[in-house]
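A single chain, nothing else alongside it, follows as structure tokens in the form predicted alone.
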Amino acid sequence: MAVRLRWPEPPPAVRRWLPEPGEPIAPPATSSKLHDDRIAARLGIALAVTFTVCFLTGLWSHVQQDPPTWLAIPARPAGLYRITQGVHVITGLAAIPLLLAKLWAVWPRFVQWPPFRTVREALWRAALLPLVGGSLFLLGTGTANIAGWYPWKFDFRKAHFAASWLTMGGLLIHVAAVAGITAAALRRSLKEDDATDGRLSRRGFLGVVGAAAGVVTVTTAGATVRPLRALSVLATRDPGSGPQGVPVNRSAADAGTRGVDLGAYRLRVEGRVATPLVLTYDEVLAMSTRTASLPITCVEGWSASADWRGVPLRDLLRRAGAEPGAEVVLSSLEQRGAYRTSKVGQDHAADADTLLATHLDGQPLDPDHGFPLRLIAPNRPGVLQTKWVTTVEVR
């Protein structure tokens, strides 16, 4: 049996802004028909779906960059990360108008008096803090990340990952708490007791919100979905622009790797190998090469396909006498940066299309694409496709 709590009456100056106690969402202070549990239920379902998809695809991206020791990241399908990260960004952006509309529909709940009447309701309302706060944080910082704007000092990826778990925990509690109310609201027609004075109806409101989410999707998805490229006026990156027709996030000038002296450059294959290798750029070019058509996919959601030519990493490892299944770490000429080194798992190291690329679409790599050598591999985030490679270490 629920324990009911007794609350004092608020001051008269505050009382006029509060709804009457009871179940209906809409308080007497507003005549809007849009503060309605029927609208809230439908928007809640849409948000639950988009947030769940966004969370799962974001979790996969995090695991790709920080894989646990027990999980082997597959190299195939080659375009899997392109799909999952594109869906992650698209669903995140589409959730923005849905969240704003949901907050508008339920805002009287945030100022209701008493704030809660039972311990169960208190726990439910406490879960709104990580749910609403986390949602606003994730969508706000995620959009800023896509735009390349970082007004904060914290590590975006770690903060985003932690906030996503808090938000999903709040979502699960919220769904469990309002399941009965949602089910009852879904059984009621949106037209029941609807506005008849020419103002926006409930169905019209949901139509506008759905259209807004659709417009956001269409005008940004072209960064990943090629047929929508011409419509993606809000996308932060055109996947067909950039040096050699492929975008870059970090240029050679940013990394301090422009103007590499090929006379002094050496590619080293070292560590747990039978025969350490020290190769000049010309010696690398003289090795047997392979061409692979692979996408490069940024965590910000854009992706572009290209033909890459280079030396298969597995051929280098065989030549050096590395044991199959060893951990491989690539290091860059770049002296600073969170991704100047990257690990290559067993499945990727054994794949024929994991290359130390020298050419892009038939032309030598532009310095911004990692000249003289860069890693390109299937099903791998762009931040892990290390550029300006100088060392291959077998551990």
Partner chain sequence: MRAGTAARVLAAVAGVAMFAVTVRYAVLRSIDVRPAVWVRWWVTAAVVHDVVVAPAAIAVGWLVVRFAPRWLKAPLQTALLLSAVIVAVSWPALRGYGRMPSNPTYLPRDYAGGLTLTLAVVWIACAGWAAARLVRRRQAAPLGPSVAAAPR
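Numbering follows the first chain given and starts at 1. As the structure is a computational prediction, the values presented were derived from the model and not from experiment.
Here the subject shifts to the form predicted together with the partner chain, a form of this protein not shown in this document.
Participant: Test of understanding: in the model of the complex, would Asp66 fall inside 4.5 Å of the partner chain by heavy atoms?
Facilitator: Answer yes; at least one heavy atom of Asp66 falls within 4.5 Å of the partner chain in the model of the complex.
Participant: Is Thr257 close to the partner chain in the model of the complex, meaning a heavy atom pair under 4.5 Å apart or at it?
Facilitator: No, Thr257 sits far enough from the partner chain in the model of the complex that none of its heavy atoms falls within 4.5 Å.
Participant: So in the model of the complex, does any heavy atom of Thr91 sit within 4.5 Å of the partner chain?
Facilitator: Thr91 lies outside the contact set for the partner chain.
Participant: When the contact criterion is heavy atoms within 4.5 Å, does Asp315 count as touching the partner chain in the model of the complex?
Facilitator: Asp315: no, not in contact with the partner chain in the model of the complex.
Participant: Identify which of Leu234, Leu190, Ala320, Met287 has a heavy atom within 4.5 Å of the partner chain in the model of the complex; exactly one of them does.
Facilitator: Contact check passes for Leu234.
Participant: Can you pick out, from Thr84, Gln112, Asn249, Thr280, the residue that has a heavy atom within 4.5 Å of the partner chain in the model of the complex?
Facilitator: Of the listed residues, the single hit is Asn249.
Participant: Counting only non-hydrogen atoms, choose the one of 263-271, 146-154, 306-314, 320-328 that falls within 4.5 Å of the partner chain in the model of the complex.
Facilitator: Of the options, only 146-154 has residues within 4.5 Å of the partner.
Participant: Any chance all of Gly301, Leu333 and Leu375 sit within 4.5 Å of the partner chain in the model of the complex, going by non-hydrogen atoms?
Facilitator: Per the other structure, none of Gly301, Leu333 and Leu375 touch the partner chain.
Participant: Are there residues in 277-295 with a heavy atom within 4.5 Å of the partner chain in the model of the complex, and which are they, in order?
Facilitator: None of them.
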